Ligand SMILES: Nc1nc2c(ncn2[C@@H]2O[C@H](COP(=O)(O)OP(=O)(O)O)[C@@H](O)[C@H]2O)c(=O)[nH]1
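The chain below stands alone, shown as structure tokens; this is the form predicted on its own.
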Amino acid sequence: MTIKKFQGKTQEEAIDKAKAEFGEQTVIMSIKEIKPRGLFQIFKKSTFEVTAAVEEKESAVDSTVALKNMQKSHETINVTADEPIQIPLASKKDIAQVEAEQSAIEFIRKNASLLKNEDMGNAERIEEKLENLQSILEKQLSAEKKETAKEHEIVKTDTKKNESLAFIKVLYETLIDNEVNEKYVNQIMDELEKVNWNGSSVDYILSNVYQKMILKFGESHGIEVNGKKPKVVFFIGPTGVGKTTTIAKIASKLKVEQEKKVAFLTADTYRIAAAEQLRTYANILDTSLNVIYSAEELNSAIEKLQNYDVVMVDTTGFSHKSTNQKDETKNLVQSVDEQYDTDVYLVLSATTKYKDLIEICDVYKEISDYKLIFTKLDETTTYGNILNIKLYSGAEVAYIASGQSVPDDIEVLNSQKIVKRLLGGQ
């Protein structure tokens, strides 16, 4: 008997190679799948190795002699393979082969009694070895099925993991494109690693990030009148961010939607048209406007407005690098009598660079604690600075404004809308 191994990309190709060399009398002894190894194994396919045998041709062999020779050859069989036997999941062709082998085994068992009495010992040993071989094949087939199922599960898990990693990368890049500072993006990603995202669905990961970002914004509130009247509200911030227009928008909403009585004070005597602009809004709203020129005039002006619910104070806009104007605004804010409930709102433009916003926040923090209002959202496509400054300052983002229309283009911050925009939604 001649035994040889053949390899092919498929089982059929390897078997065809064996038959091409040995002929149609080829006996397939085993089929082994060779799995790829190495870093890039996922991109490679398995190959197959077939162990084949063929009987050497003999002339005019007596059938009784042949049976005895076969019996003797079985006595020399070593049932310990020189390498692990691997049986791949059977195809239709393999099933037919296995059935044929089982039929052959059964035939030898049934005809073992036909052997001569002196050969009965050998027949029993043959049958015992055949039983051992069948047991080995059955166990190997069972183990192969379990291993294949395990490998499929690993591939499935790896696929989910790769999809999750790819999606997290997309989230990261989307936040960076929306100008969320890399420091805060990394914080969000670090928090994501603490949850069991590995193998989780894309929806689960997105939902988790979405909820965490909403929590980072926290709750937002507009101006609330709950204590003693009037409530004094200061609006501070750099020049040109839209403080006066913002005051008019909020005042309109308070009067129309909440039926509050609102009065205006302006301390902005540097900008020529500032008082006149606010006076125009005061006339439209049919409310009071007073100009104050120093911190000392503030309390007496407020005292005259005791029957109003809210007094809004427009301050001088100044560069965060101007120390003198900063001190004047600080004196004004801190001079209000303690009997009045006060709020301070720092008005910022969403179009300002992050580095400049940080400096502005630091300078105005020296004046007072504040809440934030972002304007000019209609002039930018990225909202990352809203989250950046919220996290940097720790201050509440109360309002956002996105146009010049009074009072429509302002609203209390809706964190869900902002987070959706930051994550690439609309």
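These figures come from a predicted structure and were not determined experimentally. Start at 1 and count along the sequence shown; that's the residue number.
Separately, the form predicted in complex with the named molecule exists; it is not shown, and the next lines address it.
Comment: 374 to 382 is the region of 387 to 395, 355 to 363, 374 to 382, 24 to 32 lying near the named molecule in the model of the complex, near meaning a non-hydrogen atom within 4.5 Å. In the model of the complex, the named molecule sits within 4.5 Å of a heavy atom belonging to Lys249. Gln404 belongs to the set of residues with a heavy atom inside 4.5 Å of the named molecule in the model of the complex.
Although the partner is absent here, Val233 sits far enough away that none of its heavy atoms falls within 4.5 Å of the named molecule in the model of the complex. Contact annotation: Val241 falls within 4.5 Å of the named molecule in the model of the complex, judged by heavy atom distances.
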